[in-house]
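Form predicted alone, single chain, as structure tokens, below.
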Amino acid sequence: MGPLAANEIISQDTNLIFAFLIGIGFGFVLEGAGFSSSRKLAGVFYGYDTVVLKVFFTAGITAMIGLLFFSLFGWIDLSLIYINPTFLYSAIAGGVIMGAGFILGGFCPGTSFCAASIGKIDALVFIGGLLIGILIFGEGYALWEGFYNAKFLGIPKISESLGLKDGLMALIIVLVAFAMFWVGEWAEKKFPREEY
């Protein structure tokens, strides 16, 4: 959970407790926003319901702006925040596989657990497929290890790649978010769907 454990401000055990509580809170918010409905989740791909787009974009820009201000006030050292390294080919393949699964099944891994927690059978089937995929990946790792680790790009930041300051990049992302919100509203009017 951030740099608190890394700086030994909290113990690893406390870190896990915080992660567990944050996870429960996140699931509660997802359920409250209707993310346990596969129709609502798939709606973003078909244009009739863009709540998923709006919620996740809002969460992303809120976290981004919060981190920028925390860094500005010296409350957090951004260099201590772990960022997953980028392996281009496996990231693209993973995105295609997850995107296809999302469109076909109507869930992503997180929302499938959210829906399963309220007893949705289709979500349980989706989780079963997820576990089978994890098993196949883990047991067959030696077969695709080269592909998985190919095209290592380090830990690039979009702002650094474009030669922009973090604050300017944040402003651009906020403007893109507003544009996407507008497109989402337009799509919902253009492709209405009966209530579900």
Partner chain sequence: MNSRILLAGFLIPMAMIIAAVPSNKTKQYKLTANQLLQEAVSYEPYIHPDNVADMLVQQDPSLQLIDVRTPDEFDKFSLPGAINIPLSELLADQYVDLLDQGVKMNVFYSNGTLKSNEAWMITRQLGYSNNYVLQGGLNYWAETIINPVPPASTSPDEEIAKYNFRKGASMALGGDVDTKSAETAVPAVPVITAKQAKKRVAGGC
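Numbering follows the first chain given and starts at 1. On a predicted model such as this, the values are computed, not experimentally measured, just so you know.
The same protein also exists as the form predicted in complex with its partner chain; that form is not shown, yet it is the one meant from here on.
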- Message: Residues 68, 167 and 174 are flagged as a possible site; in the predicted bound form, is every one of them within 4.5 Å of its partner chain by some non-hydrogen atom?
- Response: yes
- Among the candidate residues 88, 72, 97, 81, which is the single one with a non-hydrogen atom no more than 4.5 Å from its partner chain in the predicted bound form? 72
- Stretch in contact in the predicted bound form with its partner chain, which is absent here, among 31-39, 146-154, 128-136, 56-64 (heavy atoms within 4.5 Å): 56-64
- Message: Can you tell me if residue 122 lies within 4.5 angstroms of its partner chain in the predicted bound form, counting non-hydrogen atoms only?
- Response: no
- Query: So in the predicted bound form, does any heavy atom of residue 18 sit within 4.5 Å of its partner chain?
  - Reply: no
- Give a yes or no for residue 116: in the predicted bound form, does one of its heavy atoms lie within 4.5 Å of a heavy atom belonging to its partner chain? no
- Task: Give a yes or no for residue 108: in the predicted bound form, does one of its heavy atoms lie within 4.5 Å of a heavy atom belonging to its partner chain?
- Result: no
- Message: Using a 4.5 Å cut-off on any heavy atom, which residues of 134-163 would contact its partner chain in the predicted bound form?
- Response: none
